[in-house]
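The chain below stands alone and is given in structure tokens; this is the form predicted alone.
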């Protein structure tokens, strides 16, 4: 059993150090898997990189799902821009930005931070306050921990610092780890208690329909679930630490928290892929059933639910359709299976990053489609457009800003973040939305005839990996 001494430092180690995360690659999946099987994974860099979300963006997204909390974004006001999009989230609480000036980003602004914390607490009285350090603060090295110590005692409220830097890791998924590292380090550790009868349903940034579907399936096995942290309060951390087990909705996002609860509080962590598609959902339910001694109930549940949507799968609405997928790896690799279950063909794959958590799924993908290449890049529109023009897919499924560029090429796009994707309800929603996108192409034809891509022809004549180079050590 681990202790808090096993979680040193203000922030977690980077995903590159812990999991050999790769953020730049284009080539055969087989070659990358061979590197992971060796002593060291070769890192690549981009000589030209377009804009992409960083760990701050993801951390703020996670915090927007917590109840009864306030958030202080410690940095220039531009660092708070992504929080504007999340202000209408279901549980989003009050937030403010310290709005550091150029001088303050260099010389520090401890006093300004103290005033911000006091003002937020006196006006809104949240049960907990998060101070999110931004990349400029990682440079000026403000003494946030002293502010936390002084004001926690003075105001009588839980204050948690979260240290994002924007450059410690090239993977935006580092933002999940930063938030959960703060939970582990700075929330009061629960007293030793008897194990509860509930499970942790680890949810981070899933949509409300997806959370409801997962909660429905867990309830169908006669199990109480604590959905955490999305929709929970910080005091629920104590309940999470005494659960029977933790079941993630996205093992990539919830991995750091799940492992910490297992290491520190002996809560078993089921590292099972996302419940996407028939096979993925069956495996997710089966893992829970096995852990709870309810294997027969899990099999019966799957049989009943699969029979109810058999007509959707048998219709094979994507039969013969070549599909390009671009999303975070845990989602993208699950969607590949769903596409093939609905009769579709995989034209190409882009994932935001890849690490040791995904090797089993990538190996399966490589065996089924050995000729397909794997593209790793987050926010790299030039590289994706280059691949789309060469591969000519008939459908684009993604979660990034490049859906517009796919549409400008006349390729029907489907926006994943607005589409329920988990469980049996997700299969029906996915089949409906992709079918609708394929049927309604008049606008796309008109758009493709008139639209101008933001890249000159000389750019798109280059290979998609033109700017991806081996890192020199």
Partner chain sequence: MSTSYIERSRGSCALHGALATFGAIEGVVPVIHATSGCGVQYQQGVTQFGGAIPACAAWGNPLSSSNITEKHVVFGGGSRLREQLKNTIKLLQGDLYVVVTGCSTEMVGDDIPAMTKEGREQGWPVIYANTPGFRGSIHRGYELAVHALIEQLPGIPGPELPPEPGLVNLLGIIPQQDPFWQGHLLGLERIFEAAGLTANPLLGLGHGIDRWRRLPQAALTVVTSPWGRDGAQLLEEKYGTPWVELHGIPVGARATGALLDALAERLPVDAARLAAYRQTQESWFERNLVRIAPQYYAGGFQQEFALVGESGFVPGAAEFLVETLGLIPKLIVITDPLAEETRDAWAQPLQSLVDTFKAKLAFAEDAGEIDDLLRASHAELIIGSSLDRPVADELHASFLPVSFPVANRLVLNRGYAGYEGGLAFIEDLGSALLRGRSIKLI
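Numbering follows the first chain given and starts at 1. This one's a predicted model, so the numbers in the text were calculated from it and none came from an experiment.
FYI, the form predicted in complex with the partner chain isn't displayed, but the following is about it.
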Residue contact check: residue 290 to the partner chain in the predicted complex, 4.5 Å heavy atom: no
is_contact(residue 446, the partner chain) in the predicted complex, heavy atom dist at most 4.5 Å: no
Residue 101 within 4.5 Å of the partner chain in the predicted complex, heavy atoms: yes
Partner proximity in the predicted complex: residue 123 to the partner chain, non-hydrogen atom cutoff 4.5 Å: yes
Stretch from 62-70, 29-37, 44-52, 429-437 whose residues place a heavy atom within 4.5 Å of the partner chain in the predicted complex: 44-52
The partner chain in the predicted complex: contacted by all of 10, 218 and 277, heavy atom 4.5 Å: no
Selected contact from 249, 330, 79, 387, since only one has a non-hydrogen atom within 4.5 angstroms of the partner chain in the predicted complex: 79
Contact residue in the predicted complex, from 270, 232, 96, 147 (heavy atom within 4.5 Å of the partner chain): 96
Residues from 119-140 in contact with the partner chain (non-hydrogen atom within 4.5 Å) in the predicted complex: 119, 122, 123, 124, 135, 136, 139, 140
